[in-house]
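Below sits a lone chain in structure tokens, taken as the form predicted on its own.
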Amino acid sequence: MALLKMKFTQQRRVRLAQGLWLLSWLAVMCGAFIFCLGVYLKTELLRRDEVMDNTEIHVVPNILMMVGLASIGTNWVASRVCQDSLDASRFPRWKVLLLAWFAVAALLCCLLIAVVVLSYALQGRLEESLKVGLRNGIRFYKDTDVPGRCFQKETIDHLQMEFRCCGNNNFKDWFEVQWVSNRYLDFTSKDVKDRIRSNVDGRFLLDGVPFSCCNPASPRPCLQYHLTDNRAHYNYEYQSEELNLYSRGCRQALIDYYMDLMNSTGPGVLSVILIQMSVLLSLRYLQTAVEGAMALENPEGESEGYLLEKGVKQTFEDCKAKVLDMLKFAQVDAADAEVSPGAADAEKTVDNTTEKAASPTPAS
């Protein structure tokens, strides 16, 4: 028994084709939107690639771009099918192609759902990637003369000013690394010598931060050095002075930014999934209704449209049986092709002996 069978007159088939044509072009625009969304997300990830330890999160924009392009192509084909659906001479040419079209359209819906799931599943990996990447970026901040790291300082400074953040977790992360290059240190100074000698690794550590950590909303000029020394500055208390520097760490700022960006794509992607499913189901009804009318040899008569020719369970069993038959056929072909050399030689010897026995013996 056909699944969700409906009656279609000629007028209903025409209306279905017209509505599906408009829906197909709407899906084409949605595909373009998904592609642009993937390009934008990819660009934003590449902009901060230097502070990320891995590129696993790039799978989300890559799938979005791929699905967007595929959606544009498949829905354009659907619009052409709608135009030819009421022409008995042109519609049969789509009959073989439609099977592949349904498979691609169903795969697109699955990939879009996978994008939504991956956006949430990769949140932990994104956090770990930023944690390691920012830690290395802060550590290499001073290496402006080292090839491959010379732009690290500029990247970190732009990042802290753009996202109004400081350090990895907070501004105290700068206290644990030497972020001033040795070329800018006066090694004849007593203060520099004392700080280097007081550190086991011989690093120049200080309770200070780069200028990019300064909060412009602070009512006083920025304090970069001696941040934990209340006596070094007038009317200053280390514990209560919150406006002088950005209090939020850059890792949390970037996580919030990227997760808000990916979460905002969720409703848009879900809307595209609904539109794509509507195109898929409507085209299936149009296909079966038009094929039914052509089978009756009355293009203007009443026909039946359905989603599946049989029930879901029976259709699944039929597909399963066809797949098993194909696998068995492949196994038989492989077995026939694998003939051992010894068996082939033995068979050849038997054939030669049979030919000799059958040949007449010459008279003496």
Partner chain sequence: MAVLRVKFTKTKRDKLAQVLWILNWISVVTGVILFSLGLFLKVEINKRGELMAERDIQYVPNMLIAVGLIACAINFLGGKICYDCVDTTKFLRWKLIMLPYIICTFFFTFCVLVGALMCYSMHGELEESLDLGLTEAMRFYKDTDTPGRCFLKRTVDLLQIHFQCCGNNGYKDWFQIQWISNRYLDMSQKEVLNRLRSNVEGKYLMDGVPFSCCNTNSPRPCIQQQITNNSAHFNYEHQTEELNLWMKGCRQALLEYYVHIMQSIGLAVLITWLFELSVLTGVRYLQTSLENVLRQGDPNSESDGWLLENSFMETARTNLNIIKSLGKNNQIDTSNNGDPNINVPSTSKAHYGPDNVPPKQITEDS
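On a predicted model such as this, the values are computed, not experimentally measured, just so you know. Residue numbers count along the first chain shown, from 1.
Another form exists, predicted together with its partner chain; not displayed. Remarks below refer to it.
This chain is displayed alone, yet in the model of the complex one of 239, 198, 235, 264 has a heavy atom within 4.5 Å of its partner chain; that residue is 235.
180 is the sole member of 132, 111, 255, 180 with a non-hydrogen atom within 4.5 Å of its partner chain in the model of the complex. Across the proposed site, 161, 184 and 218 without exception bring a heavy atom within 4.5 Å of its partner chain in the model of the complex. Here the chain stands by itself, but in the model of the complex one stretch of 99-107, 120-128, 275-283, 222-230, 222-230, has heavy atoms within 4.5 Å of its partner chain. Of the heavy atoms in residue 144, some are within 4.5 Å of its partner chain in the model of the complex.
Although the partner is absent here, residue 214 is a contact residue: one of its heavy atoms lies within 4.5 angstroms of its partner chain in the model of the complex. Contact check for residue 149: no non-hydrogen atom falls within 4.5 Å of its partner chain in the model of the complex.
In the model of the complex, residue 176 stays away from its partner chain, with no heavy atom inside 4.5 Å. Along 145-176, residues 153, 154, 157, 158, 161 each place a heavy atom within 4.5 Å of its partner chain in the model of the complex.
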